[in-house]
Ligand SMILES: Nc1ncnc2c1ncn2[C@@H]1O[C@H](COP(=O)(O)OP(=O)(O)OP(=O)(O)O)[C@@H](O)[C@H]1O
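Let's start with one chain on its own, the form predicted on its own, as structure tokens.
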Amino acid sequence: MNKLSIRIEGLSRVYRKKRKRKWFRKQPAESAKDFVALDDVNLEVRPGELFGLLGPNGAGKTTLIKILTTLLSPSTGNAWVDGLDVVKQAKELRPRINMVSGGESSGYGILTVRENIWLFARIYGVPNEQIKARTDRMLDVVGLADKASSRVSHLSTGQRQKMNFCRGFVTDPKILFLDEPTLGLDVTAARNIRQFIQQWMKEDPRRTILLTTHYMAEADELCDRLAIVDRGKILACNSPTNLKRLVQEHPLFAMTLSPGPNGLPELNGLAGVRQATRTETPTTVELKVSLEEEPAIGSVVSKIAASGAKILTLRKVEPTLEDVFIEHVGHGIESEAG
């Protein structure tokens, strides 16, 4: 049996806040609440998997990536990547992995795009004869070939992100960590990158990717399995299809409403309602209601009608990955991402 690409046992990371003391000694120090970024995380990722971490900003995804890439030490627990301890065997592990982080402003501004990619590839020991071919391919993938000879200092933020993406793949890592890789990119560039990620994985079944994202569609399209993360805890872990199938056990209805003079009634807590979430626009409200049993929709409709609101559309729908997230976390990802 092949060893796991990533194994995490009881991993926690706590950021200690400094206690402030009053200006005179007799006054005790003010208490400060420590921030728990990761809380007893257990996870396994198999070779060949494209595994996703789905959660809002602040959920702990980036902290976990930093620990697995040897950039940060855990407070408690252990983690192994490609069978190597991320703390005790960090030096041996680093040549086998690479990382792309969305929004990262890395690179040397005085160097050109091609020179930056060459430099990072040589640091990893990639032979010169392989660097040009790999660089040309990656620049074509991200649509940056015409900027190959431009200094990085002259690039836009989106163009620098594309260069970072090229830098992550040019070393041909065994295990690659993608932390919000399409953050800030236009729709076409993001689509091209997703297509390349899928193709890159197919080319070598030994490759593994750990992807963090808060884009539902991206996680659904790319991931073989994914874990829903919130406030440092893993709340669910399965394939996107199986996660949606579990939510599908409960009837789900979508409505478009025109609010009445008294606004909309509170549906959470109504008999038969498991979860109700709303998205407001200037003129209407989009409402999704998860029910214990389908007949409970009658009580929901009556409650809305009694408030004076008007139901414009009502339909039973199939669950999405966002519905799965709301089921476990209790709110949409947009409510805390930002």
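Small disclaimer: the values here were computed from a predicted structure and weren't measured. A residue's number is simply how far along the shown sequence it sits, counting from 1.
Below: the form predicted in complex with this ligand, not depicted.
Answer range among 265-273, 286-294, 56-64, 299-307 for contact with this ligand, defined in the model of the complex as heavy atoms within 4.5 Å
Selected range: 56-64.
Just one of Arg160, His214, Lys147, Arg167 has a heavy atom within 4.5 angstroms of this ligand in the model of the complex, so which one?
Selected residue: His214.
Listed residue (Ala37, Leu50, Leu43, Leu68) with a non-hydrogen atom within 4.5 angstroms of this ligand in the model of the complex
Answer to the contact question: Ala37.
Glu180: heavy atom within 4.5 Å of this ligand in the model of the complex?
So Glu180 counts as contacting this ligand.
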